[in-house]
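Before any questions on binding or motion, here is one chain by itself as structure tokens, the form predicted on its own.
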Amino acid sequence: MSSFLDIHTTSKNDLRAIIDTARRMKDARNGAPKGTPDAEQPLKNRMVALIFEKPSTRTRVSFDLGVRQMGGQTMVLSGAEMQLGHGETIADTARVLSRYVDMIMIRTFEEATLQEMAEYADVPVINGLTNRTHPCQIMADVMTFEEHRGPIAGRKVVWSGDGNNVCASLIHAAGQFGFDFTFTGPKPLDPEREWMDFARAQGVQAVIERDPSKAVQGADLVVTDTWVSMHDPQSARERRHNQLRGYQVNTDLMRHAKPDALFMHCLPAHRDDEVTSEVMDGPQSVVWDEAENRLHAQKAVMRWCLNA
């Protein structure tokens, strides 16, 4: 059994196997009612703890439903209920949970919390999001691109906006899946150099271009995310809007990309801030397929973790 902590710490062969499993499982469910159990029940009699220090819509619903479709059961726990790391250490919490459940998914703030949970748990741990990375989202994004355009290897992917946790995992994926990556955004919000260096070390281009119109030239995929976090104070929100206004994904920007370029956003979107409704609801947008594929990609991740 293995933990799924980040894309750059999972082998390329395993990442490809997860994507292939996700597509097969999705195809097998084609036309079935949403609540229908999978014909295969790889998580039968398994219990999965879903821990949410950060609130969530897609992560909670997709993991909960995915476990149920595969025959397992979930225990959903909030950070407030657990007081994670307050009183009892994260290490001790990991040891206790390992006696009760077969797998742990955690959506948390600090990367150190995830790492300590994985170090001391005797069961697989899945990164449902940290402030630094969001690997499950990007697995769904790779799956979605390949559904629409074939292999992502050798393609050009452009991120416009804030070099945040989702951006970080996309850069990891560039290195692991073999596509070129361009970041366009203001210098104070650049992605971590460590991640750009990782992608380059895998033999792909990872560059920064301040001019968004130049950045998206030849792009096969344009990706963005919200400019502000739900936890940001009002002063930070105003500053982010001022910094990022020139990096909005709109119809004019998409005209500079390839004619068949796709648009993605991990959601929730602040319409007409980081992306216009015209683009988000337009023919190049695949955001709803992307959201659905969180379910299928995460089911495949869970199966990989349990070798099921």
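Residue indices: 1-based, along the sequence shown. All figures in this text were calculated on a predicted structure; none of them were measured in a lab.
Omitted from view is the form predicted in complex with ligand CP, to which the following refers.
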| property | result |
| --- | --- |
| Candidate site P55, C266 and R294: all three near ligand CP in the predicted complex by heavy atom within 4.5 Å | yes |
| Listed residue that, although ligand CP is not shown, lies within 4.5 Å of it in the predicted complex (heavy atoms), from Q176, S160, T144, Q137 | Q137 |
| Contact stretch among 245 to 253, 65 to 73, 266 to 274, 30 to 38 - heavy atom within 4.5 Å of ligand CP in the predicted complex | 266 to 274 |
| Partner proximity in the predicted complex: R107 to ligand CP, non-hydrogen atom cutoff 4.5 Å | yes |
